[in-house]
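Next up: a single chain in structure tokens, the form predicted alone.
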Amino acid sequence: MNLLDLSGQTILITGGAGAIGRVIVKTLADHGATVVVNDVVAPEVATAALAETGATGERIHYLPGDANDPTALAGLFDQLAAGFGLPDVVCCHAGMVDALPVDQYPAEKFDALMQVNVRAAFVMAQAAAQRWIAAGRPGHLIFTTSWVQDVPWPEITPYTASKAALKQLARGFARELAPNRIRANVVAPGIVAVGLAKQQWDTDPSYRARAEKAIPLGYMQPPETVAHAFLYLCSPMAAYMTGSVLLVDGGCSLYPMD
């Protein structure tokens, strides 16, 4: 028995067209899962982004929609059910980050970040749970947080707060929905070599010095290592896990760096 064979599973992932998301999508599809990608970008943009990482093929499908909108989500789940059946796993992965000193962070940016990072995850997870409960089916929620859920990091304080909230949200879903055979777990990556972190690493010497000091393993996290954490949680090997936080951060959370 291949414990990493995801054949027969349907997995929905929000933010799947993003830099880390599309690596997760490819990894899950490569191991046999049907992966339905949800994001807010146009289909042609999503298709091009997924193709950049080789996330193509008959097992990968794109359904655009705003995970923050319950009405749009109802339509998304209806489409999903009609085309693929209810998902076995829903990955609440969509997120955003801004870097500004905490005393200069605009309230409107704070609100926008919380909408994407926390509210959208809650609305998506709630919608999935309602469908699973109504169908009398088990389900699995996976939330993406970050090592900074527990460790302050300069200039992204609202982001760290959102990830701490998301960790507790996931554990709350796990605690309340266990009687319905619905599990919830967390993947908490470190400083991943994509997006804003990679841009700052390449262009901001002070950030790079701070980040290098914060990573005991000494190099930025390859996105594939995040995808492998998702692969493990989606596999039968993690079948008895719920309410767990899978910390995959290269040791960033081991000690304060300042």
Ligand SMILES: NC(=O)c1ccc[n+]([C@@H]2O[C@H](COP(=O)([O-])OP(=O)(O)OC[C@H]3O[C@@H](n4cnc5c(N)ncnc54)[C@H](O)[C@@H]3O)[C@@H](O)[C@H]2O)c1
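The structure displayed is predicted, hence computed values, not measured ones. Numbering starts at 1 and follows the sequence shown.
Keep in mind that the form predicted in complex with this ligand is not shown, yet the notes after this line are about it.
Engineer: So in the predicted complex, is this ligand close enough to residue 67 to count as touching (4.5 Å, heavy atoms)?
Structural biologist: Answer yes; at least one heavy atom of residue 67 falls within 4.5 Å of this ligand in the predicted complex.
Engineer: Does the 4.5 Å heavy atom contact test between residue 250 and this ligand in the predicted complex come out positive?
Structural biologist: The answer is no: residue 250 has no heavy atom within 4.5 Å of this ligand.
Engineer: Classify residue 192 as contacting or not contacting this ligand in the predicted complex by the rule of any non-hydrogen atom within 4.5 angstroms, answering yes or no.
Structural biologist: Within the cut-off, so yes.
Engineer: Taking 4.5 angstroms as the cut-off for heavy atoms, does residue 140 touch this ligand in the predicted complex?
Structural biologist: Residue 140 lies outside the contact set for this ligand.
Engineer: Exactly one stretch in 125-133, 158-166, 176-184, 81-89 has heavy atoms within 4.5 Å of this ligand in the predicted complex; which is it?
Structural biologist: In the other structure, the partner sits against 158-166.
Engineer: Which of the residues spanning 30-48 lie within 4.5 Å of this ligand in the predicted complex, based on heavy atoms?
Structural biologist: In sequence order, 38, 39, 40, 41 come within 4.5 Å of the partner.
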